[in-house]
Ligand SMILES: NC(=O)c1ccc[n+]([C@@H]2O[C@H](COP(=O)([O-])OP(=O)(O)OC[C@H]3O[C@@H](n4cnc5c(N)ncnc54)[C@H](O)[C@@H]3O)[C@@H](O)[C@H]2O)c1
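Only one chain is given next, in structure tokens, and it is the form predicted on its own.
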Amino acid sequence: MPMEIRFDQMNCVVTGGAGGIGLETAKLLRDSGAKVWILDRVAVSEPGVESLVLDLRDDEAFAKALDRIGAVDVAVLNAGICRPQKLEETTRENWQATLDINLSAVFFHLKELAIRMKQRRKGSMVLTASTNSFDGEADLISYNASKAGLLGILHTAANELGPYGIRVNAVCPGLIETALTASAFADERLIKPYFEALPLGRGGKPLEVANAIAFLASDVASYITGTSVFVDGGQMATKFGTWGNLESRFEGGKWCLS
């Protein structure tokens, strides 16, 4: 039989789904048959998607939202923030705010979902980690620490929840073109050398990450848990870059062979 990823009659939750990767994921799940709920601090107007506004740091508010939603089959824990500061200039406020959203909130969301999914002996969760879970990009120490911490949550949750039929996986996006990164993509002086180090020679699109999330969340990936999948154009597979020794040109925002 041909492989087809469907979420018919499934209840799916996407945190941080108001834009970028989260919104693209929500739309993809909807178009694949799911009943989709976006949980974010701002309302979302998207046909066929329910929007609940809440502070994702508020555990009680999150639990009440799940009470309203009912049994959750798939949860995409995607909410996150990024506040660049040099290491020695990173404030306690920056550090704490980043960990509150990117790490602590994700853990308590996963915990609340796990309690409920264990009762049904099934469920799938996908975390949005990052290539920064593995590397030490400058000026992002709070972000990097939070995303590295997600891998500890991932591995432990997959271990403890597997016996109950609950799978937990993660995606690790590289540089993806969203509203938050639009200025970087518009600056050729920045992206030209950056993309030179990527085997695919370009940045990513939110839908390309959403496709990976949908795969991991779906029954097609029924024997996959505890894993993290890079969606980074090959960035983490290289050490010295790709394009510098090739006959190539930078055109249309990406590197191409001449």
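The model shown is predicted, which means the values in this text are computed figures rather than measured ones. Throughout, we count residues from 1 along the sequence that is shown.
Below, we refer to the form predicted in complex with this ligand, which is not included among the displayed structures.
Remark: none of the three candidate residues (Met10, Ala217 and Thr225) comes within 4.5 Å of this ligand in the model of the complex, counting heavy atoms only. Put simply, Leu28 is far from this ligand in the model of the complex: not one heavy atom of it is within 4.5 Å. Residue contact with this ligand in the model of the complex: Arg41 places a heavy atom within 4.5 Å of it. Put simply, Val49 is far from this ligand in the model of the complex: not one heavy atom of it is within 4.5 Å.
Put simply, Gly123 is far from this ligand in the model of the complex: not one heavy atom of it is within 4.5 Å. The single contact residue among Leu113, Val168, Ala129, Val76, judged by any heavy atom lying within 4.5 Å of this ligand in the model of the complex, is Ala129.
Checked against this ligand in the model of the complex, the candidates Thr181, Ser104, Gln85, Asn159 yield a single residue with a heavy atom inside 4.5 Å, and that residue is Thr181. Judged by heavy atoms within 4.5 Å of this ligand in the model of the complex, the contact stretch among the candidates 55-63, 217-225, 195-203, 29-37 is 55-63. Using a 4.5 Å cut-off on any heavy atom, the residues of 159-175 that reach this ligand in the model of the complex are, in sequence order, Pro173, Gly174, Leu175.
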